[in-house]
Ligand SMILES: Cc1cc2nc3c(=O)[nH]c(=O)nc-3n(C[C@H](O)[C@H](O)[C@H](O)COP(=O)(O)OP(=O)(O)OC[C@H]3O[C@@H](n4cnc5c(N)ncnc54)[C@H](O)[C@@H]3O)c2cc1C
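The chain below stands alone and is given in structure tokens; this is the form predicted on its own.
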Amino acid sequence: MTTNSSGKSVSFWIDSTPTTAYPAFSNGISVDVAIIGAGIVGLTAATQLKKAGKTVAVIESGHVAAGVSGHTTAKVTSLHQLVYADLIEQIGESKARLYGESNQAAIEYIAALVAMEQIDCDFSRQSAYTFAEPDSEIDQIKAEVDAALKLGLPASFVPETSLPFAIAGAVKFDNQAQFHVRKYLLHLAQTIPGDGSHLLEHTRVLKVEEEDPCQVITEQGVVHAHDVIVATNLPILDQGLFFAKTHPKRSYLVGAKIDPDKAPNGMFIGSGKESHSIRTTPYDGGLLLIVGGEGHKVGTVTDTAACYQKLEAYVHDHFEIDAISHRWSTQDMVSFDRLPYIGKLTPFNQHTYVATGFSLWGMSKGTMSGLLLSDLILGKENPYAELYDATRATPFLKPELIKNGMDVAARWVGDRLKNLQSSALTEVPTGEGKVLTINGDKVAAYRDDQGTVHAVSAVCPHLACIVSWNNAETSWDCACHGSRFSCDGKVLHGPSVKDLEPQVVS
């Protein structure tokens, strides 16, 4: 049964901003660059390209900044939990330095743009902290400080913070930032249309054909462009095998009003696997505390509602807050070598570009991706292009890649053997979903509060994995590559571009 949780089931960033109403595609459009996805990557790239004199068409299947970018913690930082000591060991000091520099550059780009264009987005400079709970990871914290200092980053070790509970110690990065991500992106979006450029909503792209010019084929027609950027979290195009070089991770957030006198000062994340992300943002004349955590691979946790319950318990226990105002969830693609993939779709593509694998740090990496991709299209040198090259050799023999491939294969086979005896719609409780086997077919059945059953194929159209029920979001989720669908089968999250097929059952 679904566990009740308090608060609106909506991202605070979306709830506190107006719904956009850009037109859908209606007739022939030809531009220099077509950009699929109106999140932080797509809108940053579009902004840069239009300022450079290019015509662009940003094509969004839903609303602007209402996907992954609209569900983030909206921290803008180069402190990505614990990463620098590992990067120095894995790729060497010079490449690790480039990683730090590129993320620092993204912070300064956002800061400069906010100042120059007077963007009202609650932008503020903040210190960022990765903290260790008592008796845990303190050695890793100190190693991270040493590594970051070696790379020229604004790091220091601190024994305590403004958090209302004890820690063993923390890495502190000075002069980082936070903002209201949707206010920022809505400003970028409004600068795109006009002078031969377009922003299209409710326009789903089905595929891209790289010809001269490229053809971006949507449900409503074709957009022609010299170059194409695929900025859809995980590319909707499979040629680059990014679904095999990343895995989808889902995480949960809650927002609660907090007395400013009791609020922590800064942005925080724990260092362990069961870590929590903590920040505040202006809200209703005071502050909203935003706490994230309870992450897991998409589709692998059945009782997702319990994730919210655990988060609420954490907020109550650590901050003595009872009333939750908002709750929402998000997902991102985790890159197996800790680096995002930014650049050409494949070595054989000359005009199709991608950005993915931000590993839950999309504000800095997404901004940096938009800048890098616009440079590539404009023929400008970019110091980070080689490091993040999307066509770089991926060590497929790494243990985590082998395990991920085995996990996907095991689910592909195992999920087909599950529920072979479950064939009756009466097994589906009100307000719940269940995968059934009916006449040999896998059927995803959901019974709404009125008792009506919504039945769709349980086979994900992307690569034919079996979806599973997400009781917190009332959605069907694919654990293989992260596609998500509404309770009646409509695509919520790629890489799938097709809905689950309706099923007629009795």
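Quantities reported herein were computed from a predicted structural model and do not represent experimental measurements. Sequential numbering from 1, following the sequence displayed.
There is another form of this protein, the form predicted in complex with the named molecule, and it is not shown here; the text below is about that form.
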Problem set entry | Contact test in the model of the complex: S69 vs the named molecule, heavy atoms, 4.5 Å | yes
Exercise. L163 near the named molecule in the model of the complex, any heavy atom under 4.5 Å?
Worked result: no
Problem set entry | Touches the named molecule in the model of the complex: W361 (any heavy atom, 4.5 Å) | yes
Problem set entry | Partner proximity in the model of the complex: V497 to the named molecule, non-hydrogen atom cutoff 4.5 Å | yes
Exercise. Would the named molecule in the model of the complex be within 4.5 angstroms of a non-hydrogen atom of every residue among R182, E294 and V315?
Worked result: no
Exercise. Considering the named molecule in the model of the complex, which of V208, A74, V83, L345 comes within 4.5 Å of it through any heavy atom?
Worked result: A74
For this session: Check each of T330, T352, T246, S271 and return the one that places a heavy atom within 4.5 angstroms of the named molecule in the model of the complex.
Result: T330
Problem set entry | Contact stretch among 36 to 44, 435 to 443, 23 to 31, 449 to 457 - heavy atom within 4.5 Å of the named molecule in the model of the complex | 36 to 44
Problem set entry | Residues from 173 to 210 in contact with the named molecule (non-hydrogen atom within 4.5 Å) in the model of the complex | T203, R204, V205
